[in-house]
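Before any questions on binding or motion, here is one chain by itself as structure tokens, the form predicted alone.
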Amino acid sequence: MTDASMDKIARATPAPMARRIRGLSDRTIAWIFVAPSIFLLLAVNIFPLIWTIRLSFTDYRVNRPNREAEWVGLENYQRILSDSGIWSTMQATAHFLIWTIVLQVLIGFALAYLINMKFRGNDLWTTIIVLPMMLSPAVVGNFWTFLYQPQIGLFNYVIAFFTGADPASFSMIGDVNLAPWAIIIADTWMWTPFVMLICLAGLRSIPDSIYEAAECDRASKWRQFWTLTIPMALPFLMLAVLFRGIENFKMFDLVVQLTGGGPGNTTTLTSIDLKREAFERWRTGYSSAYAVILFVTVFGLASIYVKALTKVKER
């Protein structure tokens, strides 16, 4: 905004209002600008959380609005923590979470390390690798569902080429043992580029002078990798683990498109189970307690992890 425009606005401001504005401190003016955002945050995030916590202590059902909800105390929490089906869902979520993080970090860091070498066609390959991350999870789910088809899917033919098995003899999304790995492979394909970009930022933040000093000390490439590259890129690796851990804990759309939680309940993650409790069985109070438990779990683990990340960054 130009000075002329500012002068025009100042002249158009009524004298009483101008005196009140001039009398405000910088702190008050800052709160005037920040207050709408804080109010919107409270309305969109904090109030629903408080309301969910309140509902978790009742037997409220949203499909029966005329029925008065009864206060049940900790009964919902006790039922959830003693339900073997919930624990099997947690186990499936942990299996998905651990393997996706391990594969994405290993492959993502390896790709970032190769791209950081700045070979010919570096920018082109970076763009190609990042493409899966730009797609919608629904599109990725349909894409991999087609690839996993036993009769016409390319994935089965690739496996058959290396193993000699009949392509139609197995189904990645229809077999109880293979379905969990089907969603792990699809999620790894989609989100490894995200981890690669974070790791690439970490690698390119390391000054070249450090490697030059190491070469003067006759340190081998292998020793430079373990004593310089890994320690200095570790905060970025841990940041990637944090982001992907939180996102994969609430994974929903990709799994629904691929397996729908099946076969049976093999790939039923906590987010899918929560959706079924809330919007298929209509146990609103029960599902609210379920959501609170998941929130506390993620928040607690993330808080502990952030403290560890802060200590690593301060080294």
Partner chain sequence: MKKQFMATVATGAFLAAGATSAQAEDLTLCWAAWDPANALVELSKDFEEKSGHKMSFEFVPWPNFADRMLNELNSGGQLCDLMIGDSQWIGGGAESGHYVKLNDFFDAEDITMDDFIPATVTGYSEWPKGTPNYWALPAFGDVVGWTYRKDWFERPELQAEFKEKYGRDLGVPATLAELKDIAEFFEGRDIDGNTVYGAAIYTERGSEGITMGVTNALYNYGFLYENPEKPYEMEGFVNSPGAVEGLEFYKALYDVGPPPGSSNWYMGENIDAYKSGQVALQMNFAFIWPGVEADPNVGGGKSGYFPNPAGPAGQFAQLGGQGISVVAYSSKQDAALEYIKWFAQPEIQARWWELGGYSALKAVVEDPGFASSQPYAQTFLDSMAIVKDFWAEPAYADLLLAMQEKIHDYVIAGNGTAQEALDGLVEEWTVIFEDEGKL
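Numbering follows the first chain given and starts at 1. It should be emphasised that the depicted structure is a prediction, and the values quoted were computed from it without experimental measurement.
The discussion below concerns the form predicted in complex with the partner chain, not included here.
- Of the listed positions (Pro137, Pro180, Gly174, Gly153), a single one reaches within 4.5 angstroms of the partner chain by any non-hydrogen atom in the predicted complex, namely Gly174.
- Between the options Trp31, Trp282, Phe39, Phe47, the residue in contact with the partner chain in the predicted complex by a heavy atom within 4.5 angstroms is Trp282.
- Segments offered: 166-174, 109-117, 241-249, 206-214. Contacting the partner chain in the predicted complex at heavy atom distances within 4.5 Å is 166-174.
- For the chain shown alone, Arg276 is a contact residue for the partner chain in the predicted complex, at least one non-hydrogen atom being within 4.5 angstroms.
- At least one heavy atom of Val62 is located within 4.5 Å of the partner chain in the predicted complex.
- With a 4.5 Å cutoff on heavy atoms, Thr270 does not count as touching the partner chain in the predicted complex; it lies far away.
- Although the partner is absent here, Thr188 is not a contact residue: none of its heavy atoms lies within 4.5 angstroms of the partner chain in the predicted complex.
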